[in-house]
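You are given structure tokens for the same protein chain in two forms, set apart as structure 1 and structure 2.
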Structure 1
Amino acid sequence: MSELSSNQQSQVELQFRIRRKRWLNVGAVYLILILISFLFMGPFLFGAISSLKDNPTEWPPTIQTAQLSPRNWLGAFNLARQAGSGGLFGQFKAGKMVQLKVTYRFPAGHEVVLPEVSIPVRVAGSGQAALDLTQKYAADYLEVSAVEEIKRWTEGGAIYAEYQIMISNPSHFNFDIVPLNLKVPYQVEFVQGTLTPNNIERLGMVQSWKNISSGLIPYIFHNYDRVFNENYSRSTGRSLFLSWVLNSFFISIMRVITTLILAAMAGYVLARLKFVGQKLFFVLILFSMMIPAQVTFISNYLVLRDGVFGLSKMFGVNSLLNTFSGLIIQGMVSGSAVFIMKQFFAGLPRSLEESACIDGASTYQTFFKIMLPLAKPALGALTILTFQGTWNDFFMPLVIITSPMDKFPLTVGLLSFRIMYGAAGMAWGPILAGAIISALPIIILFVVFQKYFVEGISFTGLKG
């Protein structure tokens, strides 16, 4: 009897050990998976966080940024509310007054003095925006009405003092940008404030804010704000970056439409029709998928320059260079798109067409009314792949569209961003923000239509 129970006991123990081991195994696998996902997602995530920073190349790099601290969110929200606007998007309205609190640490023996407050003139951006002489600057109208000490205490030998700064707008104008500078003597340390300053310069003596009444959203996403509002087209006066985004959408959608129509038609015929030289034709299509654009662009550039053998002159256009039509025509279909459609149609049973034929349908009717609706899954995959391919395409737009800048698609625009902001000691904030924005549509598309991406890869093998 007792033998049995000890046997049972050891059974239970064995069960327990097996279960424990299985849990440990699963844990180990998850650990490895999480570590690797840091490797693959890390650069994006850290890039996204850093695109919020004032200085994305600070040393050491941290993930704690002023823009992600709730205290600053509250500060930015409240300051914008005091300035007379909603807290999310701010503006310094006429007749309003805001109150800013800052705390300084004076080392032992140092004389406690009020900080010097000034509202500097800061010209934002380049190009047309910077040359706008009619613009009114907050510096010329706003007043610093009071700087008062409200609290003082000692801690560890040093004196801490908290000040209250009142800034008012006695004019009749509203201001979008209200920068602020505070200056204290050497060795006096900035501890905290309603809003963390964007820059601390001159060995800690000057704390500067880019815009105290910006409101919550522009405060957090100030680099994104710069991306859209700092660069304006010289010819149309519209925001360059916004134009690039719209261009990319336009070109991608147009190319998706042309590719769907042409590839479905050609793919269907190639899947069903037998003709002389068919095999050679397939091999040629396969070659065209492998041969890089850097080989064929030499001729394609010239073809577009001459308006596709002068055909474009019928529409009153001499050259298709620097036009969206040129870019769309050059990429209106592709060998791989036709290949995908051909593979799909070849997999559909012939009996469908045979019964349609008996019912007296013409080839066109069979294709448009019966086969095309059946091809929805393939057309879906093709839509996603073409959109992604065109949105990410860099080389052909670089060749075909060189000027003016407001005709660039996003990829070429980002390159010009790199050059533009790279000139002035690399302002990485706007560059990273631009990169993140341009990655967003594709990432959203990927999250929603994941399975199409995977299908596309197995179809074509695709180039990196």
Structure 2
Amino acid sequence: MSELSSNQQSQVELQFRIRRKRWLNVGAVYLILILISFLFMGPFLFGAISSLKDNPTEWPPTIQTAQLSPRNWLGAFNLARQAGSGGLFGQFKAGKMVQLKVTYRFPAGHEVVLPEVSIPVRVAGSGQAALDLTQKYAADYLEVSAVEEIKRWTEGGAIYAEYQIMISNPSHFNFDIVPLNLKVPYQVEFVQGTLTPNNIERLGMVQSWKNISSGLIPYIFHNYDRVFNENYSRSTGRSLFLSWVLNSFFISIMRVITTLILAAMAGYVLARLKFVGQKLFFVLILFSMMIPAQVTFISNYLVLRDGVFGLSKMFGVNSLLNTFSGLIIQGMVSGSAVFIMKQFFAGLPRSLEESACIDGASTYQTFFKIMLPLAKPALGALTILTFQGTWNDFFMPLVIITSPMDKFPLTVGLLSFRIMYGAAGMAWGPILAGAIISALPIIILFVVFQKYFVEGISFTGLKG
């Protein structure tokens, strides 16, 4: 009996070791996957955090930023509410007053003085909004009502002083941007405040706020707010960045629709139907996949310039350049899309078509009612690949659409940011914010269609 129990105990210990080893292996695999995902997603996450910073090029780089501090969130919200707005989105309204508190550290033996307060004249960023000559400046209307010391204490030999600054708007105008500068003597250190300053300059003597009444959302996403609001079309008055995003969505969706329809039909024909020159046609499709777009762009450009051999003139259009139609037509379907669909349909059993034929279904009915619904995995994979390729396409849109700026897709529009922000004002925050926005649709699309993407890619390698 004791011998039997010892055998059972040894079996239990053996099973425990097996389970422990299995979980250790699983844990090691998950750890490796997490490290790999961090390797790929790390730069994107770091870029997303840096896009919130006032100075994303700071050195040494850090993931800490004032825009992610809950203390500053509360300060931005309260200041916006004092200014007369809801708190989430701020505006300094007429007849309102804002109370800002700051704390400074004075070295031992240093004279304690009140900070010098000024409201500077600042244009709305460095984009096209800066050229608006009709804008009113807060510096011309707002007043610093009072600056007073409310607390003083000594700690570690240094003197700490807390000040209260009252800013009022006696005018009848509302201001979206209210900058503020505080100046203190040399060696006086800023400790904390209702809202952390955006910049500390001149050896720490000047603390600068870009907008003390911005509100919570514009404070956190300041660079994103600049991207949408600082650049607008002079002809329509609409936000250029919003137009670029909508243009990219329109072009990408249209390319996805045309690619799915044409590639599915062509792939089914090549996989199932027999006709003269079928193999030659398939070889030509494979050959087209090996030719880069830069080789054929001149011929494509000339075809679009002449309106597809003059056919567009029948509709009153002399040229397809600088049109969405030309951009969609030149990439309506690709050889790789036809290849994916051909391989998928070749992997489906022929008994499905034979059963449909016995029931009296025509070729079109078999394709649309039986084969096409079964092709959802391949269509999902093709949706991701086509949308991603079109959304990120830069070369052909740059060649085909050159004016006006309202028609630019997002990739070409971001190129103009290099001049608006990079070369002109060295403001890399909006450029980084625009790049992060351009990456979000691809990430969301892959998360939604990832199941179809994996199934579609795995099925394309099968043959019936």
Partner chain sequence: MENKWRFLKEKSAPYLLLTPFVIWFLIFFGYAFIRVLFFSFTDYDLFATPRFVGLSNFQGLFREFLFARALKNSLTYAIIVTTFQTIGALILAVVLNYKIRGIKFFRAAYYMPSVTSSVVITLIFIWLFQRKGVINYLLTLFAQYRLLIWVFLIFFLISQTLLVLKEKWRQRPVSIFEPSYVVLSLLLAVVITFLLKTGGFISILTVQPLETIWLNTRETTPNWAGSLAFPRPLAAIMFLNIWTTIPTFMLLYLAGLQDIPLSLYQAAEVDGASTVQKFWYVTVPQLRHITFLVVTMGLISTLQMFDQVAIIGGQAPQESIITLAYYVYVTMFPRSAIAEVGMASAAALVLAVLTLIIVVIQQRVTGERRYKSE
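Take the two forms, superpose them, and find the largest set of C-alpha atoms that agree within 1.5 Å; that set is the rigid core. Residue numbering: sequential along structure 1, first residue numbered 1. This structure is a prediction, so every number in the text was calculated from the model and none was measured.
Student: Can you tell me whether structure 1 or structure 2 is the form predicted alone?
Tutor: Only structure 2 matches the form predicted alone.
Student: Taking the rigid core as reference, does the Cα of Thr259 move 2 Å or more between structure 1 and structure 2?
Tutor: The answer is yes; the displacement is at least 2 Å.
Student: Using a rigid core superposition, assess whether Thr154 undergoes a CA shift of 2 Å or more between structure 1 and structure 2.
Tutor: No.
Student: When the rigid core is used for the superposition, does Leu440 move between structure 1 and structure 2 (threshold: C-alpha shift of 2 Å or more)?
Tutor: Result for Leu440: no, shift under 2 Å.
Student: Relative to the superposed core, report the C-alpha shift of Lys342 between structure 1 and structure 2 in angstrom.
Tutor: With the rigid core fitted, the alpha carbon of Lys342 is displaced 3.3 Å between structure 1 and structure 2.
Student: If I align on the rigid core, how far apart are the two C-alpha positions of Lys376 between structure 1 and structure 2? Answer in Å.
Tutor: The alpha-carbon displacement, core-superposed, is 4.6 Å.
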